[in-house]
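Consider the single chain below, provided in structure tokens and representing the form predicted on its own.
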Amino acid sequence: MRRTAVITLALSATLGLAACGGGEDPMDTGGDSDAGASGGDDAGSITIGSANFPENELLAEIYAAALSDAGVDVDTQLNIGSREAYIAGIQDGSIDALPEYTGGLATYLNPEITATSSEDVLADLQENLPDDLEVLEISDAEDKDSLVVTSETAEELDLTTIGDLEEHAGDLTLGGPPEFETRPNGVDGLQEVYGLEFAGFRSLAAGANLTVQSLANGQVDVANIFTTNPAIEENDFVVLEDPESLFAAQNVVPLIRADAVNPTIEETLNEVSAALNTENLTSMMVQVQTEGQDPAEVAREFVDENL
């Protein structure tokens, strides 16, 4: 029944995208309904998608560059939106694969998940994946959700863990991507696991500089920021510890349609996963977010040096 609910939600998200109008659908493959089918050679063809934040776009560009080098005919459909939107796209065939995060996807498929380690989260994810989807090998690279405060706020309120916010949350504004307000490991999870009831929630773009600026300028007091974001160190922000493991392991992993997999694609994406780790992913994010480099160029450099 859970799987049916996920698919229903995904279809609803697809209809919502279609209803937006005005401009092209980011998942429109230009009328080619066979984009994910076998291509003109043995390596096949594939459409790689991404979520709507810089790191996921970077990872999608890495997948695309590596697959292209392997002889696969690659198309990209980047910045689709949140998980609710791109799961719809991969299930209706608009895209064939994209970089995912084990904990986030596992929680999306199973809101009651209790696993926290990389191995257990992956097992739960595989158990609840729809039959038409697969995940390939996970990477050592991990980018977790986190709650972050300024060093001044941490010192003033004596904050080191998320639980330390309990007596102060009623006076604080939480900022994060729109979906964080409704996801099980977002606002609801913070209340259930840590007893936090914030004074308000401010919707901000996922992974964007707006979140960093809002925290630095005091427009929000606590922010949901991904742990590989270089702005954390650059701004001397404090990542609050998560002793209750609300945020499960978040290893980067390729999510792919089962009918899009072939030996070349599987081997190539597994090689990418083997080459990725948290350190080099964070370093690339400095190039993209801090230095303003083109994600496609950063991806090309990584593939040339590591694959």
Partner chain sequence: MISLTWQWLVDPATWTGPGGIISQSITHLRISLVALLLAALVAVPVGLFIGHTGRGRWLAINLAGAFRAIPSLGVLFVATLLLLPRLSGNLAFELPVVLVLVLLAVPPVLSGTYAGVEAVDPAARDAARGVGMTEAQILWQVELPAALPLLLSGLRSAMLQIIATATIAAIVGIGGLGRYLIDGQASRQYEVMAGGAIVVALLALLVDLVMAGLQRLVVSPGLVVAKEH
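Fair warning: this is a prediction, and the values are worked out from it, not measured in the lab. Residue numbers count along the first chain shown, from 1.
Omitted from view is the form predicted together with its partner chain, to which the following refers.
Residue heavy atoms within 4.5 Å of its partner chain in the model of the complex occur in exactly one stretch of 97 to 105, 121 to 129, 142 to 150, 173 to 181, and that stretch is 173 to 181. Judged against its partner chain in the model of the complex with a 4.5 angstroms heavy atom cut-off, the residues Arg202, Asn209 and Gln213 are in contact without exception. For the residues Asp164, Glu84, Asp75, Glu134, the 4.5 Å heavy atom test against its partner chain in the model of the complex is passed only by Glu84. Checking Thr227, Thr160, Gln219, Ser117 against its partner chain in the model of the complex, a heavy atom within 4.5 Å turns up for just one residue: Gln219.
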